[in-house]
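One chain is shown next in structure tokens, namely the form predicted on its own.
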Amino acid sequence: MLMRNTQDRFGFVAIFLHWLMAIVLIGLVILGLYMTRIPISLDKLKLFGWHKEWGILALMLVIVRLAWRLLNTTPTLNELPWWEKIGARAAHWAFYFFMLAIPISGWLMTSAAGLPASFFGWFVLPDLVTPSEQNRILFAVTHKWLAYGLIATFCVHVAAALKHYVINKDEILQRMLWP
């Protein structure tokens, strides 16, 4: 089992980070959609705390994932038409944008609300801005729409992977499955 990427496929570390991030982000989206729709209660506040903690973890993981991506070979897309290559690269960089921007906007929102952002009780992130209701609302709206952008990108990504597997019957999807 290869740890690093090759020209033909992703290595174990990239595959592991891909699927770990997918699970964490899908869980965060589901939790975020659920918790914002229930009435205020102690349970809702607990869910918000979990959402922040897992969001901080997602931010840490995407920094590791981005560093790994920049320090490794990216498998080629030679078998794809030029427009699919551009679409694939654009979608991947859109994912990195959303994976960075969403937790940062959540951190900004938490700071603007004057609330602590604890990482599973191990440490508390510093505030990025001073408390401000106007900024809290701005960052909350930004956070929500960035999440919707992530959901849309995810849907396109999954549809493209399934198209390659079911219709094209090529090896694009298999390169990101366990070796």
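Keep in mind that what you see is a predicted model, and the values were worked out from it rather than measured. Residues carry their position along the shown sequence, with the first being 1.
Below, we turn to the form predicted in complex with a small molecule, even though it does not appear here.
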May I ask whether G11, L77 and L173 all come within 4.5 angstroms of the small molecule in the predicted bound form, judged by heavy atoms?
no
Is it the case that K46, even though its partner is missing from this view, gets within 4.5 Å of the small molecule in the predicted bound form, heavy atoms only?
no
Is there a non-hydrogen atom of L33 within 4.5 angstroms of a non-hydrogen atom of the small molecule in the predicted bound form?
yes
Give a yes or no for L28: in the predicted bound form, does one of its heavy atoms lie within 4.5 Å of a heavy atom belonging to the small molecule?
yes
According to a 4.5 angstroms non-hydrogen atom cut-off, is Y148 in contact with the small molecule in the predicted bound form?
yes
